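Single chain ahead, by itself, as structure tokens, in the form predicted alone.
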Amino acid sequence: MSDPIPDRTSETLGRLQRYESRNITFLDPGAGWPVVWKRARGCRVQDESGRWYLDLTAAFGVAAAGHANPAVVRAGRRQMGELLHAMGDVHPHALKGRLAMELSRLTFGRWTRRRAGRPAGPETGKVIFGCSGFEAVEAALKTARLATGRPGVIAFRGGYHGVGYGALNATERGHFRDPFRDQLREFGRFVDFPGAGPDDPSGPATEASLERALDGARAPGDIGAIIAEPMQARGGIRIPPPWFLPCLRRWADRHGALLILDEIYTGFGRTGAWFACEHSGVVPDLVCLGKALTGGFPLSACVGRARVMDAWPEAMGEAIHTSTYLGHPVGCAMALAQIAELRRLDLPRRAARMGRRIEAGLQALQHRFPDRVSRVSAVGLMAGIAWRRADGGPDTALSVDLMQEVLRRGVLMLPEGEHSEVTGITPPLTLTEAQWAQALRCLNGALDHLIGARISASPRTRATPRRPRR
């Protein structure tokens, strides 16, 4: 008689509980959280039990061209068989040069900076590679310090730029910062992010009020950079008014500061344009890229205008900013293939078209549950629906319950926002209309079930779910 097949989900979660830092993976087996991934293809993910899920997260926005895009996978496999690793800042490989040129052309080579109302023509960008998004942010912060000679940085409340010690100076949320504040230089000065509409009134409401806030955060000769996400993702899918980035550009120019845009989440077609800053025609001095850059390999990049990046000293054999895996050959091969797939499939344009359908579906939900929805936000395939309690406060419980209920029904979603009160929708850009229709039916059914159960439950018996950590 053969041995029984082990329950791999329980086995894996048991090992994580025993051997991984308890801070990392939120475990709530009674609620069926988490599922253990086995494989993923396109917009679908399979768990260890063999069940398939529709993924509306793109694995934190990474799988822009679909999970395991065949062209990207082939490029990675081919490169692994030829050159698995090179020597970062010492002996380079050809793909690192090709990708640096491609990123320069895709950003500053396409953008036109306007001075005195007239186009100044395309510029050249230069690149510093990293592995994770926060490394790109820290490279940008270092570049700004070298280029301006000023240490101060203005950042925005609700923003997320990573959890490295440098990036934490620009990541305002106390959940990430507070345990380590006594080790931070705290060179970041925080101002409110503009509200995302009439139901999200926090933050400056006009250009003049934003400029006053920026002026109030500045000490003479102190601020070398402003860093901002063009649209906040983890902050709650917050889409600022159209004047936001132009206002930052003017203020930075007026005060001799650099404008850093964190496009790690919004870049590579997510918002219906190659980069979110293109919606307002604003050209940053430095742009941070990651996530969808490779479709699944740890690689990030800080791309800056050439004259700004040339603030770094010329290499003399010992770089002052580097890493072992800088410009990894497998990551570079996959990034070049990923960019080619985004072009071939015209995914930025597709995201814009599908985004309009998603926005209409979320607005229909808002119409069905007007007292529970505080706002709907959508630009391309970066969308969210914010939930509120009867007293008007953020409804974390409903948002988390909804995430768990749709998971039981076969759809992967995540909450966003400081209070996890926003249901985020950031699927692969290959999402089809039929898949969105399936997701929308699931959302409607889950909400009918949850809100009906809440109405019938008494305050004594109604349970509040635990909030998952991310």
Ligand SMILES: Cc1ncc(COP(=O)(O)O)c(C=O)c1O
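For every residue, the number given is its place in the sequence shown, counted from 1. Just so we're clear, the structure is a prediction, and the values are computed from it rather than from any experiment.
Keep in mind the form predicted in complex with this ligand is missing from the figure; the text below concerns it.
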Quick one: in the predicted bound form, does every one of Ser132, Tyr160 and Ile264 get a heavy atom within 4.5 Å of this ligand? yes
May I ask you to check whether Arg238 falls inside a 4.5 Å heavy atom distance of this ligand in the predicted bound form? no
Counting only non-hydrogen atoms and a 4.5 angstroms cut-off, does Arg150 reach this ligand in the predicted bound form? no
For His255, is any heavy atom within 4.5 Å of this ligand in the predicted bound form, or not? no
This ligand contact at Glu138 in the predicted bound form, heavy atom, 4.5 Å: no
Residue among Arg305, Lys96, Arg234, Arg249 with a heavy atom within 4.5 Å of this ligand in the predicted bound form: Arg234
Thinking of this ligand in the predicted bound form, which stretch from 184-192, 208-216, 355-363, 226-234 has heavy atoms inside 4.5 Å of it? 226-234
Neighbours of this ligand in the predicted bound form among 274-308 [non-hydrogen atom within 4.5 angstroms]: Lys291
